[in-house]
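One chain is shown next in structure tokens, namely the form predicted on its own.
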Amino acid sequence: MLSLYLHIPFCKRKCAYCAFYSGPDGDREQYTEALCRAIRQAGAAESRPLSTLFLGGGTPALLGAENLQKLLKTVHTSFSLEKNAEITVELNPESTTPALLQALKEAGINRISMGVQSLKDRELQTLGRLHSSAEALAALQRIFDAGFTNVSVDVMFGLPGQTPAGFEQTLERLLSFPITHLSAYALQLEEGTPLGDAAEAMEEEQEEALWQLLCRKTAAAGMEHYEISNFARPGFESRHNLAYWRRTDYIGLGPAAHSFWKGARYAYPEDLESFCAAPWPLRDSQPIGEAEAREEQIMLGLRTFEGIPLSLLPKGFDPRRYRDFSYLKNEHFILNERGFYLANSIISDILSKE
């Protein structure tokens, strides 16, 4: 299995919580050409077909419909794709237009990931988002009107001043749409971001109450909790993200993009000019040894509903210690919903015995 990620590092304005590499500056056409060169060279180095393709950012729409179509055409001419390959693009409400959606559909996009975050305007303002709740709902409706049927939305919890009632209203309104996938992330206050420097973290008990509400609402809507932060209707799990958690090969192209390819990890520097000057080969090769691979399998596998084989558990670790937070199935150790919430502590405990 092989996946491809294309990073589009442009945004009108960074959100108050965002620590990812993105910004408003940069020549869109020059960057498109650099990405196309990298795609062609990556395709020449690979004979396997793509199972998934993901265009993320930043805000991919800011590259423009013509440039996005050019990227997708280059992918199709440089790689073979599996018959039912998952092809996703991230969108934000303020830049989602009928013309853009039509261009994406014509170019072969079959999955949309929409960054909503909240349907409470005060919370959106706190986060520094550029859209209102009404604009988010209108954009989501346009996506379905354009004929897309595999649609994911992102929400956040643990926001300053967020209440269970407000979060419940956001979830209920979003789940009233025929979305197939929901990603929900607790706010991380990153040092050096406006929100990270100004806000205080929500009390753990309050955040856990929001988490439990999230789990109840998605379950009632028929979604499976298949990864710590992700919920999906049966058959609509994000195959691209599962590739990361299963440690199958993926190539990431663009400044700050990471890859796991042929037994090594790679990372481009956070430098747009550097990438445009030399978009290939992949940078900063770090081979993965057996011990590190084992740790990665534990860390990533326990994030998902697949868990890890019992054979990966270190000597001295008794899974019965976490019987209230896990279960055994088909010779696998799998965290339940309570275990997902405490996953970091449980994983640390397991790794400490390695």
Partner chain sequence: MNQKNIRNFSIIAHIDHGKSTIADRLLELCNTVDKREMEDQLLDNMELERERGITIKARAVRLDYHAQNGEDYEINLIDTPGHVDFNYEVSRALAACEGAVLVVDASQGIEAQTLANTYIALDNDLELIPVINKIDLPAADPDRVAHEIEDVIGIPALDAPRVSAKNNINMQSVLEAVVEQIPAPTGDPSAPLSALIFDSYYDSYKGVIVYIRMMEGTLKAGDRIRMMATGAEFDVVECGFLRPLGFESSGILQAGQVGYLTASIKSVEDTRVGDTVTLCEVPCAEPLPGYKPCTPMVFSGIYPADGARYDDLKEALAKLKLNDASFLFEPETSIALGFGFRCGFLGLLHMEIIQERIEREFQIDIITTAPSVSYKVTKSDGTVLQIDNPTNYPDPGTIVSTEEPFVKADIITPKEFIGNIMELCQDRRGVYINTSYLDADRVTLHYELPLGEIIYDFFDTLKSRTRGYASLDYELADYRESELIKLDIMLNGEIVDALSFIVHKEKAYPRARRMAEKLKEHIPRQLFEVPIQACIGGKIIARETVKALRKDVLAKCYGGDITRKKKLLEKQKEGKKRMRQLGSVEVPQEAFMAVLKLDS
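Numbering follows the first chain given and starts at 1. Just so it is clear, the structure is predicted and the values come from calculations on it, not from any experiment.
A second form of this protein, the form predicted in complex with the partner chain, is not displayed here; the remarks below concern that form.
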Which of these residues, 245, 236, 226, 148, gets a heavy atom within 4.5 Å of the partner chain in the predicted bound form? 245
To verify the annotation, which of these, 303, 70, 294, 37, has a non-hydrogen atom within 4.5 Å of the partner chain in the predicted bound form? 303
With a 4.5 Å heavy atom cut-off, would you call residue 288 a contact of the partner chain in the predicted bound form? yes
Would residue 28 sit within 4.5 Å of the partner chain in the predicted bound form, counting heavy atoms only? no
So, in the predicted bound form, is residue 265 in contact with the partner chain at a 4.5 angstroms heavy atom limit? yes
At the 4.5 Å heavy atom threshold, is residue 1 in contact with the partner chain in the predicted bound form? no
Taking 4.5 angstroms as the heavy atom distance cut-off, pick the stretch from 80 to 88, 137 to 145, 102 to 110, 202 to 210 that is near the partner chain in the predicted bound form. 202 to 210
Across 332 to 352, the residues having a non-hydrogen atom within 4.5 Å of the partner chain in the predicted bound form turn out to be 340, 341, 342, 343, 344, 345, 346, 347, 348, 349, 351, 352
